[in-house]
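Quick setup: one chain, the form predicted alone, written in C-alpha cells, and binding and motion questions come after.
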C-alpha cells in the first residue's frame, strides 16, 4: 500500500489492556494550568519503568469545565485499578495540589470503577477541610496558602488500551523529526487518546528481553541505523532514522482511528516506510493491522 511516496508496510501494532482515569484540571490562567499538567504527567512514558503512562488529552475551554475556568483533560493509564489509585493520588497531591490556583474534577463519572482521590487528600487540611455535595458528587475544600484547593472525592476508572503505535522510517533525522511532529500535532485535538512519550515521540523503541537477565526490555536493534549490517535489520536500505509514536486510548476505535490519522499525517517526501511495531503477537491482547485501520478510517 502507498500513501503518496511512502510505503505502508503490512504490519500490526500489539497493544495491551490497561485501566485508565481522566482528570479535569482547572486553574486561574494558562501559565498555571500548563505548569500543573506538565508536573502531573512527568515521568509517565511507559509502565516498563514508570508508575503510569500519562499525558494531556486536550485543552478545555471555559465552557467545558465544571468551574468555568480554563482547563485540561489528563489521561492516566496503569496495569491495575489498585496501582492506578495509588499513582493518581500521589501525582495529584504532589503536582497539582502544590500548584497555585488549581482544582481537580472527575473526568470519567461513568467509569465502571471508582478510586478515592479527595477522600485521601483531604487529610492534608489537618481537620480544617470541608466537604460539599453537589448532586451525587462530593467535593473537598482543602485550605491552602492562596485560598482553597477543590478536589473531587473520587474519580472514575475504566478499561482502556495502551501500546498502539506507528514507526516512521525516514531518509534523515530532519525529515523524521518533521514527520513525527506532524503526527503529534494531528493527534493533539483528538479526544480519547494520548501520546505519552517526550513530545509524543520515541527514539528508543524497545524489544522484549535483553542479554542482561535483569532487564525486561532493551533497544530494538532491528531499527537502529548504526547497527545495520551487523544485525538483521527491518530498515529500508535508504533509511537513516526511525521514530515511533506510541498511542494509548480509551477504546479500540480511538486507538485505531488515531493510528490511521497518524500514518496519513506522516506520509510524504522523505518518509520511506510507515509500519506498526509488535512483539510477535504473543504478549498483547489487542492487534491493530495498519493497512486495515487505514481502510476502516479513510478520512
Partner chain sequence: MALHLTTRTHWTLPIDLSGELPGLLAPLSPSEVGKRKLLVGREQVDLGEIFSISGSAGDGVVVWEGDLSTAFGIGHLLKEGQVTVRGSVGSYCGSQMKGGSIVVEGSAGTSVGAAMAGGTIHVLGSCGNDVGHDPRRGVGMTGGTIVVDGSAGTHVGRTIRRGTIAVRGSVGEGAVMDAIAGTVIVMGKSGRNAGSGMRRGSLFLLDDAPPEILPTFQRGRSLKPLILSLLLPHLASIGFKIDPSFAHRDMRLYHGDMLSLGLGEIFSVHQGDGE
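Please read all numbers here as calculations on a predicted model, not as lab measurements. Numbering follows the first chain given and starts at 1.
Omitted from view is the form predicted in complex with the partner chain, to which the following refers.
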- So, in the model of the complex, is residue 66 in contact with the partner chain at a 4.5 angstroms heavy atom limit? yes
- Task: Decide whether residue 148 counts as a contact residue for the partner chain in the model of the complex under a heavy atom distance cut-off of 4.5 Å.
- Result: yes
- Message: So, residue 211 and the partner chain: in the model of the complex, are they within 4.5 Å at any heavy atom pair?
- Response: no
- Quick one: is residue 132 in contact with the partner chain in the model of the complex, heavy atoms, 4.5 Å cut-off? yes
- Query: With the partner removed from view, which of 179-187, 155-163, 102-110, 198-206 is the stretch that lies within 4.5 Å of the partner chain in the model of the complex, judged by heavy atom distances?
  - Reply: 102-110
